[in-house]
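The chain below stands alone, shown as structure tokens; this is the form predicted on its own.
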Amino acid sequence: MPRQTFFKLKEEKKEAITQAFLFEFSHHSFEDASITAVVKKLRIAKGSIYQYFEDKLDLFLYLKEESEQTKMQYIMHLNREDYSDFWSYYRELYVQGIKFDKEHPLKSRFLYHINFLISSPAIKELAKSWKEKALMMMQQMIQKEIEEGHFRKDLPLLSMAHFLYTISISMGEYMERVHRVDVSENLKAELPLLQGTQESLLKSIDDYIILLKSSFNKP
């Protein structure tokens, strides 16, 4: 977590530092992301960054937490009980994700780029723990649907969770291949990742849901 000296900065300075490093980590590997390059653009002393953060990893984790908290604001109000079935709820999570991407493109690009940083020695073990946490959340959601009689119960819970997790994170690749959505170009152009592609994305989700229903729903 940032040191207290960072939290005592004026909001505009904190925002400038946050935005600058979100951009840097969105376009480079963890190792290649340069604190020196960023502080030159900000016209601040490099040493001041280490008054605000313990090290480069501490800074990176702060950016991740800030981005995830912003995204959570778009989905935390969603309640499964308000939807007729799990898949209507699942679809709405993506609808809100599109809205987050449009309104906070830099944070969205940062979170997307994390998927390409998991082999970094500095965050490899952390990435494993992030995946385990996501799988645990998937298991809890699936278990509830099983208990309420909506999902089948003849398959191992972990297998079902891993399958849904894998499908969910592969959505971007599916869109690029099938619906010609150029996420990479949007990233380079500093646009929202899903710029101009909402219809394609929702079509992808709807196609996936048809397949997922046949796999998960109780016969």
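Since this is a predicted model, take the numbers as computed values, not measurements. We number the residues from 1 along the sequence you see.
One more form of this protein, predicted in complex with the DNA, exists but is not displayed; see below.
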Check: Is it true that 9, 13 and 51 each have at least one non-hydrogen atom within 4.5 Å of the DNA in the model of the complex?
Finding: yes
Check: What stretch, of 163-171, 149-157, 31-39, 60-68, brings heavy atoms to within 4.5 Å of the DNA in the model of the complex?
Finding: 31-39
Checklist line | Exercise: residue 46 in contact with the DNA in the model of the complex, heavy atom 4.5 Å | finding: yes
Note to self: At 4.5 Å between heavy atoms, is residue 55 in contact with the DNA in the model of the complex?
What the structure shows: yes
Margin query: residue 217 versus the DNA, in the model of the complex: is there a non-hydrogen atom within 4.5 Å?
Written below: no
